[in-house]
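So this first bit is one chain, no partners, the form predicted alone, shown in structure tokens.
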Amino acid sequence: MITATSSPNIALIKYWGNRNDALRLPAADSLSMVLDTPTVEASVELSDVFTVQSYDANGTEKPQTEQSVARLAHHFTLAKEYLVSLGRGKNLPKNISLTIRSAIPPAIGIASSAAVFSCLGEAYGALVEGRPLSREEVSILSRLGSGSAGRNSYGGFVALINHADGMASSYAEQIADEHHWPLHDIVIVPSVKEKKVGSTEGHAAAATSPLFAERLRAIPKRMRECISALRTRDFEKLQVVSEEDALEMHRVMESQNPPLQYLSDETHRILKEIEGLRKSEKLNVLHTMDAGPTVHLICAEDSVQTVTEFAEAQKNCLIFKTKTGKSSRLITS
């Protein structure tokens, strides 16, 4: 049995839209902070047929839809294809049994897929004989299942960069490790109801938005600004560029065909209140949202207590207290 663990990441420059849906090659570069919790573990065993078992944080088995199993099976097929292209295809199994244990509520904007598929990237990389795969190669294996999973092969602050065309043409590069700038992400979940349209379907329709091309033109400058802010630990600069990018991504979502409205009234209320608190208390905190109503409040050490108290005062919300974390990694092999 091979077992790997991983956790979510939160994008500071968002990934939305693909240049190749089948291979999950992003239309633009992106950048995220890897979190330390909540975690996922995935175990891989040889099997006569491809099977999946999944469990939540309480150990309760979660039934898998045909679509979910098909996605996992397709990822395994693509992973083997990539390993063969590296000349590492000797003795790869025909089928496997997957056991996934996840403490992340799915499909609400906490990158549960990124955590799952980065686990699987690690596990599939351990199937090969000979030298261990590089972090770049593990990143590609992970990205084949979920574009944002490619950013989990390093800890800390990680970019997913596009290169030439082809299966291996988008992979992670570490901007700074988890010790460079310890930041916190206080996550407020207004609803654990799974979104009706998943990110995979949303990415496929992103280019139908009249704002999509303009967003692509803006990304290179934002990437440079975000990388500069991270390397110099300039929180104000990081706040401005990441909030601008998140809100623009949601405008793209809302204007594509069919439109996606992931942000709820509760999301907007939380944003308004944290902006007021930030101004009155002079807090180093920024807000960002992935594809869901969940609000991520990223803050510096000097502001984490006040931000945490704000989050815990929210009624009927699930709260996760996280910080800058490590890469996906093997536990057993």
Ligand code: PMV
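Counting begins at 1, following the sequence as shown. Fair warning: this is a prediction, and the values are worked out from it, not measured in the lab.
Another form, the form predicted together with the ligand, is not on view; read the next lines as being about it.
- In summary, the region of this chain contacting the ligand in the predicted bound form, judged by heavy atoms within 4.5 Å and restricted to 234-242, 166-174, 198-206, 81-89, corresponds to 198-206.
- Scanning A291, V295, C299, A42 against the ligand in the predicted bound form with a 4.5 Å heavy atom cut-off leaves one residue, A291.
- For the options M253, L133, C226, L263, the residue carrying a heavy atom within 4.5 angstroms of the ligand in the predicted bound form is M253.
- Although the partner is absent here, A246 sits far enough away that none of its heavy atoms falls within 4.5 Å of the ligand in the predicted bound form.
- Although the partner is absent here, S102 lies well away from the ligand in the predicted bound form, with no heavy atom inside 4.5 Å.
- Using a 4.5 angstroms threshold between heavy atoms, G147 counts as touching the ligand in the predicted bound form.
- The single residue of 21-38 lying near the ligand in the predicted bound form is R24, the criterion being any heavy atom within 4.5 Å.
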